[in-house]
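Shown below, as structure tokens, is a lone chain in the form predicted on its own; questions about how it binds or moves come after it.
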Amino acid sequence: MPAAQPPMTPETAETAAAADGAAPADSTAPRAKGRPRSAAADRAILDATREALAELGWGGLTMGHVATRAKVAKTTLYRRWPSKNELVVDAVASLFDELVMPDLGSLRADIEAVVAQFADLLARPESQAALLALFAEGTRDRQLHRRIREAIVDPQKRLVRQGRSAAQARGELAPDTDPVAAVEEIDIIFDTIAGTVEHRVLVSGEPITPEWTRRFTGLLLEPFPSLATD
């Protein structure tokens, strides 16, 4: 016959909860849902993810590798990111959050500044490894491909919208009159700038110099000479 259990006290309840890996109960005040996330821990995890991806590649990367590098428990990792796909996408997306659209007084100067920022970002070995691995895997996984678009590509179109709005406020560009056409134009401008810079750095392996940036921006903003007389 099992022995009688002693009455449960707040202290024994907390001990039992800790043994089960659960948060201790608090009978005196309501608890917030979940544990507050640590910004420092998030940064460490995302940094460790990019480092591990650069070293091990997509196939070799595991959540365990990331947890070890970031010095966090694997349970902590899974509470934040339920899968490797989600983790790697966020690790890459956090890189692009560094990009800002300045207001330097002209659309040309603004574009040149953003292109320079993007080029510097892509020049980092960890950025190159992470992007190439993620995009390659995205071609085989439709759900991951959709997640890349939602978390990385679409949010960065804010740079085009901000630059366009500033140029319109300065009178360099005419105000938008057709919202649908404006969205399409923003997509095309983004694809042109991002695609050209990524191709030059990641595919061609050529440097992006200030002179190249000036010429590229000029082609975006000025008509082609051969077409100017048509």
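Here, rigid core means the biggest group of C-alpha atoms that superpose within 1.5 Å across both forms. Nothing here was measured: the structure is a model prediction, and the numbers come from that model. Start at 1 with the first residue shown and count on from there.
This next part talks about the form predicted together with a further copy of the same chain, which is not shown.
Screening Ala151, Leu132, Leu104, Ala119 for any heavy atom within 4.5 Å of a further copy of the same chain in the model of the complex leaves a single hit, Leu132. Proximity of Thr76 to a further copy of the same chain in the model of the complex: non-hydrogen atoms within 4.5 Å are absent; the residue sits far from the partner. Taking non-hydrogen atoms only, Ala123 never approaches a further copy of the same chain to within 4.5 angstroms in the model of the complex. Taking the partner from the other structure, a further copy of the same chain in the model of the complex has a heavy atom within 4.5 Å of a heavy atom of Ala54. For Arg200, a non-hydrogen atom is located within 4.5 Å of a further copy of the same chain in the model of the complex, even though that partner is not displayed. Look at 187-195, 39-47, 168-176, 62-70: in the model of the complex, residues with non-hydrogen atoms within 4.5 angstroms of a further copy of the same chain sit in 187-195. Superposition of the core reveals a Cα shift of 2 Å or more for Asn85 between this form and the one not shown.
Shown in the overlay between this form and the one not shown, fitted on the rigid core, is a CA shift at Leu144 of 2 Å or greater.
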